[in-house]
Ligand SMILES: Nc1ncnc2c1ncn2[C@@H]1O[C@H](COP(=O)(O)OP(=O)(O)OP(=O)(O)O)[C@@H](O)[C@H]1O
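The chain below stands alone, shown as structure tokens; this is the form predicted on its own.
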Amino acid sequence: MLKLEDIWMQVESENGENREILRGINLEFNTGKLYGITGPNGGGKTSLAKVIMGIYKHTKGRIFLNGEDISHLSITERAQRGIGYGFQQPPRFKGLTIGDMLAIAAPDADPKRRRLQLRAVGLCPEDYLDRDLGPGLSGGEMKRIEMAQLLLRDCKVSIFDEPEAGVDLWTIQKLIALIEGGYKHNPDKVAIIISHNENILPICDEIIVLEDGMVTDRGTANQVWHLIRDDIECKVRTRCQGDLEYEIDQY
């Protein structure tokens, strides 16, 4: 389905030196499976996802979708071929309604299907279709709206970048159910989930650990999750504690 062949990505740092963000990534993603990508912050997870989508340009290697080399294709062309991307922080578009955005995401979907999909993500169409897609929406609402867009588009490859970010536990459980129901064992689709979340990673068929721009481990949830769980949770606790200490220092 989706194949990454020797993917490298290089950027120029502020001092003019070249820095390798991704280093020789070789991965295959097959339909009917949920893939989790995890690892420490700065390891290259989001960069890899954006390279697949075409948001970032890789400097070496090739990307194949159903046997076609899509390395040279734009974001729009990749989207037309069935790749969808859910941002960690979905963009807001003041002046557009939620109904407008759903129509843009899936122009061929009839209004009834758009309403049903919005309801499926836990949002009442009567209350939300005419609402402005601006700052008045919470992070959880934006995540659900973006999920509705991806599901409406019927993407072959859907990439979810930290779908749990900024949402409550109830919303996380709702999103997990939607991802599992829409992608797991689906012979035509594949989902790639970037996450550290202990509720999300165990549902994945395969977990890929990315560190320093390289794949350092991979395997089923049973093989990998128990090996990385404590390390990930420790990093999360340390980061949160550091944020707390910073806030205390400011006051």
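Residue positions are given as counts along the sequence shown, with the first one as 1. Given the structure is predicted, the values throughout are model-derived calculations rather than measurements.
Below: the form predicted in complex with the ligand, not depicted.
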Which one of Ser138, Gln173, Thr97, Gln88 is close to the ligand in the predicted complex, taking close to mean a heavy atom within 4.5 Å? Gln88
From Gly32, Pro40, Pro202, Gly219: within 4.5 Å of the ligand in the predicted complex by heavy atoms is Pro40
Look at the stretches 178-186, 64-72, 23-31, 44-52 and give the one with heavy atoms within 4.5 Å of the ligand in the predicted complex. 44-52
Would all three of Arg19, Tyr56 and Glu162 be in contact with the ligand in the predicted complex, where contact means some heavy atom lies within 4.5 Å? yes
